[in-house]
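Below, in structure tokens: the form predicted alone, a single chain.
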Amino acid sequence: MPESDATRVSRHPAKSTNDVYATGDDGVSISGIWKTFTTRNERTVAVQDINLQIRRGQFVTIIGPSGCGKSTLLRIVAGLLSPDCGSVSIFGETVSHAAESKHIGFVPQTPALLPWRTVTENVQLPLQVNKYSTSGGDGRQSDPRELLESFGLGAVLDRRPHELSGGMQQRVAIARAFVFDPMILLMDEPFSALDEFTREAQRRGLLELWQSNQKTVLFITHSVAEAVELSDVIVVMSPQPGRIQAVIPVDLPRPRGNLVENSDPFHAVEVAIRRELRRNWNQPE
């Protein structure tokens, strides 16, 4: 099947960046990232020479087989892991470790809420850790209770995590990441533990939220359909050691409702992604 404008694929050589997404100081620059882990005298290269440029306000999704280094790369961007070599800069500022990454909101695979704290207290936690005031300071942080109201959680402000459904817990985790108005949101398969109906609802809610504030988002998923529904750009990674195999722009109209998701262009992007994933395993197209 020939590639249309909606499914053009940029193959990504190991030592290059894609000029289409060049950013300067107005985006996220991931340059020459390598990360190796050593366990029991065994050396494993998790990610190898990752180069990626993300524009401010873009929603970029990373997809690839399990073990290809997606989460490792996200943790490096977050400043939670140090790379062996290479660098990450976010809007002109170099990320070296978590203490310098207060402008980054991170949403892990599981909500990781503290069970002894209420919903409101869990969302307040980043403000307390980073010594923000909820009533002033630099003016960028949000009032936790107002933020939770905007996430449709006004009725559970004083409940504890065990009293909430999985979907509500995940909404609390996303709200917590937004509480100090981060410049970039990093999301590591945040909906993977949810059933399909809840996952779809959470996905739609995230899209509405993103469209209202245009945060820069770097999102990880194993779902091809989810990647197409959410993204401006999809990055396909190869099996270990993880490298960027292809960059696929998603030129579909927003907002993306059922009409878009059931369209031929939507399915064409899905086909392009699956073709790249099959290429990883030398499977016939």
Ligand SMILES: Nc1ncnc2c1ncn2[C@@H]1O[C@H](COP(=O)(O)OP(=O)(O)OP(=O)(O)O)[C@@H](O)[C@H]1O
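So that the term is clear: the rigid core is the largest set of C-alpha atoms that superpose within 1.5 Å between two forms. These numbers come from a predicted model, not from an experiment. So that there is no doubt, residue numbering starts at 1 and follows the sequence shown.
One more form of this protein exists, namely the form predicted together with this ligand; it is left out here, but the text below deals with it.
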**Message:** Even though the partner isn't displayed, in the predicted bound form is Gln109 close enough to this ligand, meaning a heavy atom within 4.5 Å?
**Reply:** yes
**Asked** Would Val247 sit within 4.5 Å of this ligand in the predicted bound form, counting heavy atoms only?
**Response** no
**Message:** Even though the partner isn't displayed, in the predicted bound form is Phe37 close enough to this ligand, meaning a heavy atom within 4.5 Å?
**Reply:** yes
**Prompt:** If you check in the predicted bound form, is Pro65 within 4.5 Å of this ligand, heavy atoms only?
**Reply:** yes
**Request:** Please determine, with the chain shown alone, which of 253-261, 50-58, 223-231, 66-74 has non-hydrogen atoms within 4.5 Å of this ligand in the predicted bound form.
**Result:** 66-74
**Message:** Do any residues of 224-242 have a non-hydrogen atom within 4.5 angstroms of this ligand in the predicted bound form? If so, which ones, in sequence order?
**Reply:** Gln240
**Message:** Given a superposition on the rigid core, I'd like a yes or no on whether Thr110 shifts its C-alpha by 2 Å or more between the shown form and the other one.
**Reply:** yes
